[in-house]
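Only one chain comes next, encoded as structure tokens, the form predicted on its own.
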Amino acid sequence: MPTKPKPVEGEKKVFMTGNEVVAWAAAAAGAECMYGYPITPQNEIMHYWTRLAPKFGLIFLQTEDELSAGFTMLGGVLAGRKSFTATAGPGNTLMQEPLSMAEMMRLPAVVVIQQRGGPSTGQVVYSQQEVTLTSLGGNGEGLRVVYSTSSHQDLYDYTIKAFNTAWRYRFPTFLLGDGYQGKMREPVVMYDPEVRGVELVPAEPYVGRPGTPGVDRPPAHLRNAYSIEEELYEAVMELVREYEKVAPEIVEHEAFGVDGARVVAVAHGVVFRAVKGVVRELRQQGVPVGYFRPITLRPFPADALRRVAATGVRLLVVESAYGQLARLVKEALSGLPAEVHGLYKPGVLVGQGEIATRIKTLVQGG
């Protein structure tokens, strides 16, 4: 049989929307199947995937709702296919049931979230209001990985990384973008992961494997329901131990100018782009300010942030939500006498002018 062409060969610079970037990156990462249901602002991920599917032998299935999309995706995973889905807002809420099952059964799913405003239907444009839901959603302990992206290059790089993380560690992995990232266009370098030396983790079937369980191969224990408390306790504690063991290998952050700073701005996603520009400009003016960006919201880079906070700086959490990132920050800093301030604008992008004004006020002791 002829070899299927690679979706991306070599490297090339392109100009496209973030949703299109995700579709190409998923294909480059070796994804085979997408299951989904339309919801703005992620719809174009499905649209672009269906354009790629006939060219590269990929699969797409539109299900009747997001709940079905999540469970069908896990069916693809059980069959040994690299499967993923994408959703937003109310769809993210529905996804939490199948993703909780993935946590319990250690299934490697990838879910792309392009955040929209809430609560409920809210608006379809943009927010950072799905941080708590995505990081800690579901009925359980939040045993998942969440990457927060701030650029189209991040969308490409971390989509590829999300598939490798999910299949290497067998925890569901989320890519947390937003409506602005999904819809806007900007340059991005697409590449074949092999060109960059990225080895793709292969998928393996969980069911229908050759041999007889317990005879010539170990049996698979794919279980998400327990009858007694002690059984569940042992199962969950084993999951927690495995998660905490691998978390240091997964956690990521970016920091600049934190040594000697009087104020450190903490932000993620597209808001971080505004913060980064402001901080670098103020540094050129001699203002003692730095920034800290958590790239993984789950697991959270608590140790790195605690080292920053221990110097006595004031922290300014900037986000397009009402303190959802701040809750993660405050939890990470528990026990430290850290001074945490907030600039919260739920569902609205935070402008550079107001960020600069707030930083200067804090630097001056206000």
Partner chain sequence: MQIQPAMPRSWRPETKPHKFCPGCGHGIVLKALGEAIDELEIQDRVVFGCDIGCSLLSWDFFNVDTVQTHHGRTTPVMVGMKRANPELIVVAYMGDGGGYAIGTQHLVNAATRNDRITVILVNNTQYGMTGGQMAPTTLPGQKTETTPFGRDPELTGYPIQGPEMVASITRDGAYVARGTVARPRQLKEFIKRALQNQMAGRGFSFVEALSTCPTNWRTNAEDTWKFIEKEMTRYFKVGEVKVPPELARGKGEREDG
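Here the rigid core means the biggest group of C-alpha atoms that line up within 1.5 Å when the two forms are laid on top of each other. Residue numbers count along the first chain shown, from 1. Keep in mind that what you see is a predicted model, and the values were worked out from it rather than measured.
Unshown form predicted in complex with the partner chain; subsequent notes refer to it.
Engineer: A79 near the partner chain in the predicted complex, any heavy atom under 4.5 Å?
Structural biologist: Yes, contact at 4.5 Å.
Engineer: Would T72 show up as a contact with the partner chain in the predicted complex if we use heavy atoms at 4.5 Å?
Structural biologist: Residue-level check for T72: yes, a contact with the partner chain.
Engineer: I'd like to check something about P248: if you look in the predicted complex, is any of its heavy atoms closer than or equal to 4.5 Å to a heavy atom of the partner chain?
Structural biologist: P248: no contact with the partner chain in the predicted complex.
Engineer: Does at least one non-hydrogen atom of L222 fall within 4.5 angstroms of the partner chain in the predicted complex?
Structural biologist: Contact check for L222: yes, within 4.5 Å of the partner chain in the predicted complex.
Engineer: Check for me: heavy atom within 4.5 Å of the partner chain in the predicted complex, for each of D157, L297 and T361, yes or no.
Structural biologist: Looking in the predicted complex, the three residues D157, L297 and T361 all stay beyond 4.5 Å of the partner chain (heavy atoms).
Engineer: Just to be sure I understand the contacts: of A255, A203, L133, M101, which is the one whose heavy atoms reach within 4.5 angstroms of the partner chain in the predicted complex?
Structural biologist: That would be M101.
Engineer: Work out which of the listed stretches, 223-231, 165-173, 287-295, 260-268, brings a heavy atom within 4.5 angstroms of the partner chain in the predicted complex.
Structural biologist: Partner-contacting stretch among the options: 223-231.
Engineer: At 4.5 Å, heavy atom to heavy atom, what parts of 151-187 sit next to the partner chain in the predicted complex? List them in sequence order, or say none.
Structural biologist: None of them.
Engineer: With the core lined up, does the C-alpha of P248 move 2 Å or more between this form and the one not shown?
Structural biologist: No, its C-alpha moves less than 2 Å.
Engineer: After a core superposition, would you say G211 shifts its C-alpha by at least 2 Å between this form and the one not shown?
Structural biologist: For G211, whose C-alpha is compared between this form and the one not shown after core superposition, the shift is 2 Å or more.
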